[in-house]
Ligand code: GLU
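Heads up, the chain below is alone and in the form predicted alone; it's given as structure tokens.
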Amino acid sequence: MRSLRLSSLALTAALAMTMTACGGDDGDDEVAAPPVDTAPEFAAGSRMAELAEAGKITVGTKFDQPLFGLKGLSGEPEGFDVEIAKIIAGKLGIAEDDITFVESVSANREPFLEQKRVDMVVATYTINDKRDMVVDFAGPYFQAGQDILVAKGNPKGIDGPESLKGKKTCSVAGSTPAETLQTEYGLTTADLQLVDVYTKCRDALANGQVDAVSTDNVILSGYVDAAPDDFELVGKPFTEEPYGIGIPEGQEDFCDFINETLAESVQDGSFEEAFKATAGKVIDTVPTLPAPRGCDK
């Protein structure tokens, strides 16, 4: 089992981004399908060979997070995580029509991988030591930071996690942000309402049932972009959240393959294209791919 080895250099240099709304975007742009290798060659017995021979892959992702994984009008999930999954599948010779996307909320990502109900999880999935005890991670491919969403005008005067005590805050059960609020900032059940998906938190904030929502800034920025007259970000990220691609334990070859594919996607431009067509509608700086953490046990 691997230990978590995200270097401080990778964390510091991974992203320097500005969260801004991009005007003039009607949100109807389609993402070009990534290229699909027609005759990929893999070592016999490797996980890649198994998937390529099967000609299909099952991917866990979020269905409720704008910009990264949101179930669109077509009934299919859309976003940067979805496009990353398509890039990886394409290198396996698997077309997007042969990808089955399964909704993976924060609490079921590890169980889905342990039970092998999915082949990988690409779902704003923060790499941390606790999760690394039961699943493995490729990447990271993106770095976010935890922030706070409040009603427009910030009527409760919330200026950071320390000011959430005594307020009603919503987050998702089984998520890193919820655990951070509990362990690092002392929020109890009196302060913190936990639900299964972030859209319930968003709706509770809109209805005045809670005072704040806390999770990764990129997720919250999607809600602000969709309803700028209703919500705003406090805008003071207080954690580092490296997003990785979860895979079942014992697939070091698949982990290496994913890391190589991510690096190639930067070189061939597909990483940038996928970002600009999804999260880049709100985040105006294309992120630098963080240094891979390594796949050795």
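Just so you know, these numbers come straight off a predicted model, no measurement behind them. For every residue, the number given is its place in the sequence shown, counted from 1.
Unshown form predicted together with this ligand; subsequent notes refer to it.
With a 4.5 Å cutoff on heavy atoms, F254 does not count as touching this ligand in the predicted complex; it lies far away.
A residue is said to contact a partner when one of its heavy atoms sits within 4.5 Å of a partner heavy atom; Y243 meets this definition for this ligand in the predicted complex. Taking non-hydrogen atoms only, I84 never approaches this ligand to within 4.5 angstroms in the predicted complex.
For the chain shown alone, T215 is a contact residue for this ligand in the predicted complex, at least one non-hydrogen atom being within 4.5 angstroms. Contact check for Q65, A123 and T176: all three have a heavy atom within 4.5 Å of this ligand in the predicted complex. The partner is absent here; in the predicted complex, the one residue of V135, L205, I219, V118 having a heavy atom within 4.5 Å of this ligand is I219. Out of the listed residues K156, K168, K200, R131, R131 is the one that sits within 4.5 Å of this ligand in the predicted complex by at least one heavy atom. Contact with this ligand, judged by heavy atoms within 4.5 Å in the predicted complex, is confined among 148 to 156, 68 to 76, 102 to 110, 184 to 192 to 102 to 110.
Contacts between 78 to 102 and this ligand, taken as any heavy atom within 4.5 Å in the predicted complex, involve no residue at all.
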